[in-house]
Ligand code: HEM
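Below you will find one chain, with nothing else, as structure tokens; this is the form predicted alone, and questions on how it binds or moves follow later.
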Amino acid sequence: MSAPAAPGPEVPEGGPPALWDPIVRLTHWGIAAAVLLNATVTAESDTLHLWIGYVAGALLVLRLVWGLVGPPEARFGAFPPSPRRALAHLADLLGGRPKAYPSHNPAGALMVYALWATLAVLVLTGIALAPDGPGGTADRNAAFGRGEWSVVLEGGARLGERDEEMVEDVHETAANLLLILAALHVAGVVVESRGMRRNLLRPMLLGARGRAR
């Protein structure tokens, strides 16, 4: 019989945590900072751009693991993806009768999974294009013994020689999509906060009283 999960932060009646746990907050703001830095400050050819991408990937992995072992409101089971429930929640919000949830609301949950999936594509394609660093061109050349990379398929077949341009297109598309999703996420937080008359950003910062408890 498994041990009971550790209690999470205090959850107001019918609402999200008064303060998200440190791992959720670390991964949330760390990934946000990494995406903004690589989108606005660093260049794709910079070594710093590459390593910021590795940090973002590591934070994503940490958050996914935390979704399995973290406190109840941080686990995947607390906010399963459901387009039907998301549409119902948006209808309730537009109708002025939004419901509160002890974790992410259904619309927010879909956004969370979309952000994570897009970030995963961005990080993996960035690693595939990286000239240096773990998983970069040098590692692939050593593994395949050739001056260009390819994907090894079942049975030894090879696919993707000289497809680096395609990977670059996917990487750029994922980067642009991630920024669009992030902007929609921010807009959604603003709309939800007004509709529910509750500051949904504060629990991701320092809690309901504006300080850690």
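We number the residues from 1 along the sequence you see. Keep in mind that this is a model prediction, so the values were computed, not measured.
The next section is about a form of this same protein that is not shown, the form predicted in complex with protoporphyrin IX containing FE.
Although protoporphyrin IX containing FE is omitted here, in the predicted complex none of Tyr101, Met196 and Arg198 has a heavy atom within 4.5 Å of it.
With the partner omitted here, the residue from Leu177, Ile52, Ala32, Val167 that has a non-hydrogen atom within 4.5 angstroms of protoporphyrin IX containing FE in the predicted complex is Ala32. Only one of Ala58, Val65, Leu36, Leu48 comes within 4.5 Å of protoporphyrin IX containing FE in the predicted complex through a heavy atom, and that residue is Leu36. Shown alone here, Val191 lies farther than 4.5 Å from protoporphyrin IX containing FE in the predicted complex, counting heavy atoms only. In the predicted complex, protoporphyrin IX containing FE lies within 4.5 Å of some heavy atom of Leu115. Protoporphyrin IX containing FE is not shown here, but in the predicted complex it comes within 4.5 Å of a heavy atom of Val186. Among heavy atoms of Leu19, none comes within 4.5 Å of protoporphyrin IX containing FE in the predicted complex.
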